[in-house]
Ligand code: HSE
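Just one chain is shown here, as structure tokens, and it is the form predicted alone.
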Amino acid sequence: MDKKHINVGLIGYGTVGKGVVRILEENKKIILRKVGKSIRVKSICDLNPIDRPSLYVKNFRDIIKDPEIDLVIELIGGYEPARSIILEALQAGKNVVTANKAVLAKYWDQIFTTAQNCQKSIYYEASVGGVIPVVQGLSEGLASEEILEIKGILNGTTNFILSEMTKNGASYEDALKSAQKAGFAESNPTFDVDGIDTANKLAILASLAWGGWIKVKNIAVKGIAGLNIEDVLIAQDFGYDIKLIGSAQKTKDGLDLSVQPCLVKHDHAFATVENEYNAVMITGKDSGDVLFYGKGAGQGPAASAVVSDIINLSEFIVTNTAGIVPDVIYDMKKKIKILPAGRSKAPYYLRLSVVDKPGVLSKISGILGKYKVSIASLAQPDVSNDDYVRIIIITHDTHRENLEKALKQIDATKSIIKSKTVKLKIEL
């Protein structure tokens, strides 16, 4: 390449987009040293006019059609027109950088099949874990590994909320308000607190790890919305913290996939991950556990990951080798077996609110035994009133479907149960 610059077109000039432009301008010397060419933002497309009028274009297709632009950066989020931008850019002979986890998870097959057919690259480090180089670590650093398991705290918003509840004893509602005030939660936080964001990221990592397309619909998802501070405090007394964990585990019967709030021991690596930080544990057959840790939210971390992708991809653009070898090996014919959610096996924390009278515990243990749910420990916290008492049960490993059947029968026994039983997985 004999051009003086690598020209990039930026589509989406929000918080992260502004951070990308700032880092590209502030780190010009670092970039020149690494790439051998300067990287220049030639055009910026956004819904509204921007603070750089000389770079502003109204239509994203003007960027895609510009023959001088080597690299398209998609930072608008959502499904459309993000999907169209990515596909049209690849088909126009442009390489792409995106931070859009939703569009990648939903259209993984279409996007990477198009990239392979067009022999172009798409980099997406910022889509998972903010500044954590987990995509690169999984695809390059652990390239020789048979991946056995991926588990992680993948959403900074929910982790901030859980940290507020754990450290300050805040209710879920108050912790959410704190997250919104700190800028880590949107005014409508559903995407985060219902676990959807974590599921998208888990789908991306699992698809990359096992060479197929893991669909979000195959992941059992439960978020933290409405989590009771009582369970956070009781878990603390039992030696646990509660974290929202995305988990993908290879078993002989298929991939066990889930997103759910889990109890982790105080000495577990995930228990020390607080506020907006993320962590991902990848277990390889020969490597063992490899832990990735860093900030998962905020302008700086996200923009830093995007610029790293721009730099890494630009090194290949300079030598005209970007996309010749596919970055993601994807075979649309490959089918990955998924373990039905009910067949997953783990120990569980149960909180039951029961009437205070003789024989209640025996009825509960009888129902659990009927469905092969074995009790590891049982306690009655000093929290009660005239109407009911709390019973905390920790189970041994049990199939989820067996436990759910048992709890359905227990909760239907209105003569002993005052409210629906709380069930939380224990992460070992």
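Quick caveat: nothing in here was measured; it's all calculated off a predicted structure. Note that residue numbering begins at 1 and tracks the sequence as displayed.
Form predicted in complex with L-homoserine (HSE): not shown, discussed below.
Heavy atoms of residue 197 reach within 4.5 Å of L-homoserine (HSE) in the model of the complex, making it an interface residue.
Using a 4.5 Å cutoff between non-hydrogen atoms, residue 95 does not count as a contact of L-homoserine (HSE) in the model of the complex.
Residue contact with L-homoserine (HSE) in the model of the complex: residue 186 places a heavy atom within 4.5 Å of it. When contacts are judged by a 4.5 Å heavy atom cut-off, residue 151 does not count as touching L-homoserine (HSE) in the model of the complex. This chain lacks the partner; the member of 264, 297, 147, 105 within 4.5 angstroms of L-homoserine (HSE) in the model of the complex by a non-hydrogen atom is 297. Among the residues 243, 351, 101, 250, the one placing a heavy atom within 4.5 Å of L-homoserine (HSE) in the model of the complex is 101.
Judged by heavy atoms within 4.5 Å of L-homoserine (HSE) in the model of the complex, the contact stretch among the candidates 253-261, 189-197, 208-216, 225-233 is 189-197. Residues of 160-181 include none with a non-hydrogen atom no more than 4.5 angstroms from L-homoserine (HSE) in the model of the complex.
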